Each structure stands twice: as C-alpha cells, then as structure tokens.
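Okay, so here's just one chain, in structure tokens, the form predicted on its own.
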Amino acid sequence: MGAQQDVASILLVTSEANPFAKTGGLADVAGALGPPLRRHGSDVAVVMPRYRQIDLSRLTPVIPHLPVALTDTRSYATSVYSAADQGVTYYFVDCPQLYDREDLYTHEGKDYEDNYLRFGVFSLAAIELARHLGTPRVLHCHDWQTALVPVYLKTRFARTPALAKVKTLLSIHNLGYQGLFDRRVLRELGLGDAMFNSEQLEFYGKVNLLKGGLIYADRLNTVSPTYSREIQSPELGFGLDGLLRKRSHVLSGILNGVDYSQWDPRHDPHIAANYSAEDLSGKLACKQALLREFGLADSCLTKPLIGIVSRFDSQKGFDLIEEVAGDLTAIDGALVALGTGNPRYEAFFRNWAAAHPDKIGVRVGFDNSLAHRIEAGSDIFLMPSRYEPCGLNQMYSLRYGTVPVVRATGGLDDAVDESKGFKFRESTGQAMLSAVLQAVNLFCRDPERWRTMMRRGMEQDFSWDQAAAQYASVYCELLHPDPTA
C-alpha cells in the first residue's frame, strides 16, 4: 500500500450511509453529517460495509488484505476500499461472504441469522482500519450494529498503546432495535461467557449488543433532546432505562438536521411549482397537481388537504388513525397517504381509499418524488407517532409551509412549537382528532393567521450545520474533559 495514510480525527462507524446504502434515517445522518463537520473544523471520514449494491469497480483499493480474527480459531479475510462524496472519504470493508447479499439486514422479512457475526466482524475491522491508517481520536458509532466497537476497545484492545487514547461516542437512533441474540454468540464473537451477566451483555436471558455499547462507550447521544429524556423512562426505555439513567451524565440529545439542498420548495425539482415564504403562490399549483395525481375531486382545492408520508406501523400511530377514520372522513376536506409496512395498515388504507375515492388517496409503496409532492401540495401534515426518536418529515413540512400536526414526543416535540403547528400529548385517537380539528378550523376560518403560521415554519432553520456544531462540541468535551466535572 506504500506509506501509511492518516485517517480522520473523527471516524464515523456506521452500517449504512447515503448515498451508498440506505434503509432508514441512520443513513441520512451518517451521509449528511460529514460535510458540515468538516466546515466546523473536524477532520472526518466514514467506514461502512461494502454491500452488494455498492459497485466495487467504482471504488479505490486501500488495504488489499485485512484479516479480522474473532477468536483464536476463527478469522475472516476482509479488504478495504474507498470513495469520496462531498469532500468526505468513505471506507468500505469488503467481505463477500458477509456483506454480498440482496439486502442489508434482512431477507424476506426476517433478519439474517448471522447478523451478530456480520457486524462483529465489521466492528473489529473498523478498529483494525484505524490502526492501519493512523489512529483517529474519536470513533463515532451508530446503533447496535456498531455497539461492539467500544466493547472491543475496552476489553480486547485495552492494553494496545496505539488505541489507549481513542474515545468513543455511541449514537442511539432508535432504542427499539438492540441486537438481541442467543448466549452462544459471545464465544463466537471472541468475548467469552464471563460477559454474560447483568452488569455487561446479558439482557433477560439474551445477549444485547446495544447494551454493551451503552456500558462501554465514553459518551452517548441520541437524535433529539426530548428522546434522550424519554429513553430514561420505563415507557420508552425498552428495558434499558435503568442503565441509561445510570449513565445520564454522559447522555445528550442532538436533533437531526435537514438537507435543504434536497428539501426546499424554492428549488425542489419534484414539485409542480416552486415557491417561498415571500411568494406562496406556487403552493396552490402544487396542491392542484397533487389532487389530480391522486384522482381527488377538484372541489377539494379550497378545502384542507392532509398529507401523510410514513412507514405503516403501530409505532407511527396508525392505529390512532384507524380508530377515528370515520371522523376524519367526515371532515370537509381530503387526505393523501404514501407508505408501506405492516400489511394490516396497508390494507386499512387501501380499503379506506376504495370506500371514499373522492376524498381519500393512497399509494402503498416507496416513492421519493411523490413524497416531495405530498409535502408541497398538502396544507396539513399528520404525524401521530407513539414515539419518534427524531423524525424528519415534520421538519420538511415546516420548510414547505405545510403545517404539522404531531404527537408531542421525541423530535416531533422538539421541532414543532405551537406558533408553527399543532401538538397533542395523549396517544389516543380522540386526542389526535382534536388536534386535527383545531388545524382544520384555523385553515377554514382565519386564512391570514394560517399564512402567518406557514411563514413562521418556513423560516425555521434545521440545517445540518446546527447539528454538526453540537457534535463538534461533544467531540471536544470527549477529548478535553472538564477536570472539575
């Protein structure tokens, strides 16, 4: 390989990142955080697995042979490639037997049974990459898939001088996904049965990889301030609330940002007409085009149009919508929804639209371009989530002048205040319906106040530069702790 290269001072360790591989919001964060961190003075790179969908021919070889030893008798041959995006270097750990698969984590709706091996190997490879390229100062890990990085650093590599000063930050994107496996995996991961106890990786008879990271990481954070508090409660702690309360002194919440180069009605190429807070005229054209796309009545143009873009799941509060569907149908307006997920809710939405084709429009599936058009063409955006670590659509909606109606939880509560949207606290259909009716009444009875609310939301700034400044501060605190704290 020639002379050693210097790896970034901050190495983001993630199982997915835009624009290379994505299943959810984690990829958005990992892909968007690098450029603004660089603008804030951090030397940053990203490491992730090289999945099948990432074209090897477009990557540059970096380390031809990087053996990863899980145990004395079991090792994997990996290699490392690189590519650049927006000035950030991405490193890809290639191990075809582990990552060259149709999907990232699942097949036909079921998790790959060897996910513990796949991400155990990846975690060790990330550490070995750091040793080969020049040790970073902070390894910023994301979710359970990389939670073994701090575990391995504090156990297997505890006496490795080159890694002694490396700090770890573990970001929790959704505490509901923890990496639970049978006890036997500890030996296969080279950790040993001794760690199967309540103070380490044991969790109600299972091995919990996320728990290991929560114990061993130097700092913890999650994707909104409110969610950082909620996960310390029994209701949203998923069995880890006691541990998170114990480590609350190193836990913080940083609200995710929005990529306004992609989500801004002033220059969005997906929508019927561009518009801004200064000139809202294009929004009506977007609404008209959206109604026609869904085949809804032209008479709905002057009535409130409610938009939904989401994964169809009970976490997202779709049982609340189902509970009061009759009342929502009775509103003198229309509703459009885009999403996929739980077959129960897919069927509910299809049946609802079939029963009321003049005012309920539904598309089951994923369509990024249509998601933009729903944000631009709707008057109201509904997000009734039971819990929401961060959420992005409420922030998109604000920028598009689409007034959000949200449950006051997690990032929804942090991003939406009642001068720019509507919130409800109880996770019930009636509480949600009451908030929707408040929004509808204001839209119908006080257009000037409604436009003022729209403009306030459009002027709000949730850019990644704000989040990156907070992450840079956390890195600084990690590297230069207050001795009096």
Ligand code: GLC
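Keep in mind that this is a model prediction, so the values were computed, not measured. Just so we're on the same page, rigid core means the largest C-alpha set that superposes within 1.5 Å between forms. Quick note: we count residues from 1 along the sequence shown, nothing fancier.
Note that the form predicted together with the named molecule isn't included here; everything after this is about it.
Given a 4.5 Å cut-off on heavy atoms, tell me which of 292 to 300, 241 to 249, 169 to 177, 114 to 122 is the interface stretch with the named molecule in the model of the complex.
Correct option: 169 to 177.
Distance check, Asn208 to the named molecule in the model of the complex, heavy atom within 4.5 Å:
Residue-level check for Asn208: no, no contact with the named molecule.
Using the partner position in the model of the complex, report whether Arg266 sits within 4.5 Å of the named molecule, counting heavy atoms only.
Taking the distances in the model of the complex, the answer for Arg266 is no, it never comes within 4.5 Å of the named molecule.
Using a 4.5 angstroms cut-off on non-hydrogen atoms, would Thr226 count as touching the named molecule in the model of the complex?
No, Thr226 sits far enough from the named molecule in the model of the complex that none of its heavy atoms falls within 4.5 Å.
Is Cys390 near the named molecule? Define near as a heavy atom within 4.5 Å, in the model of the complex.
Although the named molecule is absent here, Cys390 would touch it in the model of the complex, with heavy atoms inside 4.5 Å.
Which residue, Gln315, Thr160, Gln97, Asn274, has a heavy atom that falls within 4.5 Å of the named molecule in the model of the complex?
Comparing distances to the named molecule in the model of the complex, the residue within 4.5 Å is Gln315.
In the model of the complex, the one of Val47, Val29, Met432, Leu37 near the named molecule [non-hydrogen atom within 4.5 angstroms]
The residue from Val47, Val29, Met432, Leu37 that makes the contact is Val29.
For the stretch 123 to 142, which residues lie within 4.5 Å of the named molecule in the model of the complex by non-hydrogen atom distance?
Not one residue comes within 4.5 Å of the partner.
Core-superposed comparison between this form and the one not shown, Arg311 Cα displacement 2 Å or beyond
Passes the 2 Å threshold, so yes.
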